[in-house]
Ligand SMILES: Cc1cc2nc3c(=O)[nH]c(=O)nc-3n(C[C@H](O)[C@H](O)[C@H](O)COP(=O)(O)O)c2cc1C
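Okay, here we've got a single chain as structure tokens, the form predicted alone, with questions on binding and movement later.
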Amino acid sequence: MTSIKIGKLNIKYHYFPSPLAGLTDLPFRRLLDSIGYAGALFTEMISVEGLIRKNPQTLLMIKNFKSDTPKFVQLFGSNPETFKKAVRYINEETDFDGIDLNAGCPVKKVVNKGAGAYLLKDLSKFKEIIRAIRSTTDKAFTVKIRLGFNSVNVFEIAKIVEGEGVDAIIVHFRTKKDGYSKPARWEFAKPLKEKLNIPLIGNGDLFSVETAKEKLKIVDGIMIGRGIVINPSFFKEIETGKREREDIIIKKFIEYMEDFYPEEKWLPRLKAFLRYFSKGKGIPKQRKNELFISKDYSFVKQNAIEIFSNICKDMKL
């Protein structure tokens, strides 16, 4: 496969991890970077209001690290002028390679503030925000959308995105109304791709390597959400057919997490990771429950390492 050109970036790999609140933090992005094969890494969704106020928690969320993988900051908000100020801060105070606009988050508290997926039903404001970002930066610029708000108007949305000079579009193939319950509507991928002159990255229901490879025949790239937390070596598996050892993954994640967070955050963060990473690996339900109800970080850490080390032994890895 040839590289994807997104703005000034020539991106080698066609696979991207989706921004996920509480999951794709710096330790997890470091983990993916260490495994390799990600086209770019995206922060969790960052509030432009929090950024311009220099909220300590927001600044922690955009803390960066050195890697060879391009890195994007994903922004959400509702005010074009606030976006300009936030983008200037990204330009001047950080070393991110690109900016992604979230216009797809269906969470009620985000939508009620006129942000996320709300922008898909207020296309004049959507256009204003895109224009504000594009006029303020020459960094690579992507927009993540859904098929529409209550109904499908993705072709109209995509025309605005391309017309305003965005470098690539990421489409979650559900409407806001669909939430996450209905199957992703990948039937829109091919006709949308045919109308676009910028890269199309598709997202939604990509839980297996086989499905991902099939969709890559239709779109320029794929974005994986929950599936990348369940299997952090998903991209490696697509590219090489091989997986990273589970015991190595859990040890690396713990190392990066302990390096980044204060001690009181370790237990809830490790549990959040394990709720996904433990799926589909044949771990007895009782053993998992012991981890999730425990209030002892050392117990959870040691048992998690032991569980995944045993999985690797059983598989003779």
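Start at 1 and count along the sequence shown; that's the residue number. Predicted, not measured: the structure shown is a model, and the values here were computed from it.
What comes next is about the form predicted in complex with the ligand, which does not appear here.
Student: Heavy atom within 4.5 Å of the ligand in the model of the complex: which of Thr175, Asn231, Asn203, Thr142 fits that? Just give me the one.
Tutor: Checking each option against the ligand in the model of the complex, the one that comes within 4.5 Å is Asn203.
Student: Only one of Ile224, Leu147, Ala158, Val87 comes within 4.5 Å of the ligand in the model of the complex by heavy atoms, so just point that one out.
Tutor: Exactly one residue meets the criterion: Ile224.
Student: Would the ligand in the model of the complex be within 4.5 angstroms of a non-hydrogen atom of every residue among Ile250, Ser278 and Ser309?
Tutor: Looking in the model of the complex, the three residues Ile250, Ser278 and Ser309 all stay beyond 4.5 Å of the ligand (heavy atoms).
Student: Based on heavy atom distances of 4.5 Å or less, which listed stretch (51-59, 260-268, 278-286, 37-45) is in contact with the ligand in the model of the complex?
Tutor: Within 4.5 Å of the partner lies stretch 37-45.
Student: Do Leu9 and the ligand share at least one heavy atom pair within 4.5 Å in the model of the complex?
Tutor: Leu9 lies outside the contact set for the ligand.
Student: Is Ile305 one of the residues lying within 4.5 Å of the ligand in the model of the complex, judged by heavy atom distances?
Tutor: No - in the model of the complex, heavy atoms of Ile305 and the ligand never come within 4.5 Å of each other.
Student: Just checking whether Ala21 would be counted as a contact of the ligand in the model of the complex - the rule being heavy atoms within 4.5 angstroms.
Tutor: Although the ligand is absent here, Ala21 would touch it in the model of the complex, with heavy atoms inside 4.5 Å.
Student: Does any residue in 102-123 get within 4.5 Å of the ligand in the model of the complex, counting heavy atoms only, and if so which ones?
Tutor: Just Asn102.
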